[in-house]
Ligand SMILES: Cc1cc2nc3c(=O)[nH]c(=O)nc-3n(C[C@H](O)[C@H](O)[C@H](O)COP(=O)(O)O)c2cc1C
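Next up: a single chain in structure tokens, the form predicted alone.
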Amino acid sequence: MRTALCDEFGIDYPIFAFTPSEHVAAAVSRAGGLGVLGCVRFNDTEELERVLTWLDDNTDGKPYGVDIVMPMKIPTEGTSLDLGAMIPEEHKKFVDETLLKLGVPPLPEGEGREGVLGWLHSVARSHLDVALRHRPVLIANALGSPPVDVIEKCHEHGIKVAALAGAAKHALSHVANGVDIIVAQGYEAGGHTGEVASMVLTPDIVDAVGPDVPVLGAGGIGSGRQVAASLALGAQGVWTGSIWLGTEEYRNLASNQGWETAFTRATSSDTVRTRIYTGKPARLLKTKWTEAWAEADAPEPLPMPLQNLLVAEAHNRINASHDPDVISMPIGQIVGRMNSVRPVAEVVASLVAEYDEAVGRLETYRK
């Protein structure tokens, strides 16, 4: 499992792993892939500074990446208080009544009430500034192409830029802006995702951008067979996310028995694509929380970043309740294969071994 991207980034396997956990990112990089730390959870740049310093010191000198969220549409600026005033009272009332109906207890006074400010353009730029003081080899933007000045700034520091795309036309726009690597994220993926499945999307984007622009296949990748399929479709590597939620290292960030019960018992049919998490379409685990928002009397989700600010405290309350029937979790359809919690190194090793087995099996078909 070796492509030109392995030489480009100094990695053993073209396995790119998005994760909000620095422990997972470091473990993936140490195992030969490229761990990519998601920064949206960091409201405090000092905390991000500490975490990236930890990554610098705990990856055995191996490369890692950073993922930022840089939305392009308003409202993107201002404080959480300014934006909070834009949230309709009917939405707040719906959230409060739904939590009561689902039996979700309140948090202790003063805890968990701040929204995730990483969805704001200004905060994402501060994340970039912090990252450039460290040694990432890749900056990825979860919402497509970042502004051209951001791309140029990364290039000045010798850092490659990746952007997610859900359609060939989006990929072409990213390339025109100077993006180096396209992540072709199919419908199956967790979190923000488009409407075209990976089997169709990956070759569409590969053909659109041409042989000089590397493409990473994403969405529905949780085994070596799926890695082999993605490379067969023309990708030079894979972008993975959901499978790392089921690792022992992830427990350093989210020790939640209800959460683990929720994903280990789920099937590939137990997810839903909805705007209730951030205001943009994202795939979540299907629970009583997502079902409540699908009821006829539920309000329409607000645009980003207002929706996330609306539900931030609710998500903290839900997670603290440890109730697997209510948990709010972005995760892809690959959840149906996530039946146990394993160390990162074991997951990487299984991806590589299954890939070799799949390629070997294909070779026998040629005889």
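In this text, residue numbers run from 1 along the sequence as written. Please read all numbers here as calculations on a predicted model, not as lab measurements.
Although not depicted, the form predicted in complex with the named molecule is the subject of the following passage.
- Here the chain stands by itself, but in the predicted complex one stretch of 311-319, 44-52, 297-305, 324-332, 324-332, has heavy atoms within 4.5 Å of the named molecule.
- In terms of contact with the named molecule in the predicted complex, the residue from Ala228, Ala266, Cys154, Leu245 that brings a heavy atom within 4.5 Å is Leu245.
- Residue in contact with the named molecule in the predicted complex (any heavy atom within 4.5 Å), chosen from Ala189, Ile205, Ile139, Ala235: Ala189.
- Using a 4.5 Å heavy atom cutoff, none of Ile15, Ser29 and Gly65 lies near the named molecule in the predicted complex.
- Interface residue remark: Ile181 is not counted as part of the site for the named molecule in the predicted complex, having no heavy atom within 4.5 Å.
- With a 4.5 Å cutoff on heavy atoms, Gly241 counts as touching the named molecule in the predicted complex.
- Within this chain, Gly166 is remote from the site of the named molecule in the predicted complex, having no heavy atom within 4.5 Å.
- The named molecule in the predicted complex is not approached by Val215, whose heavy atoms all lie more than 4.5 angstroms from it.
- Shown here without the named molecule, the chain has no residue in 120-140 lying with a heavy atom within 4.5 Å of that partner in the predicted complex.
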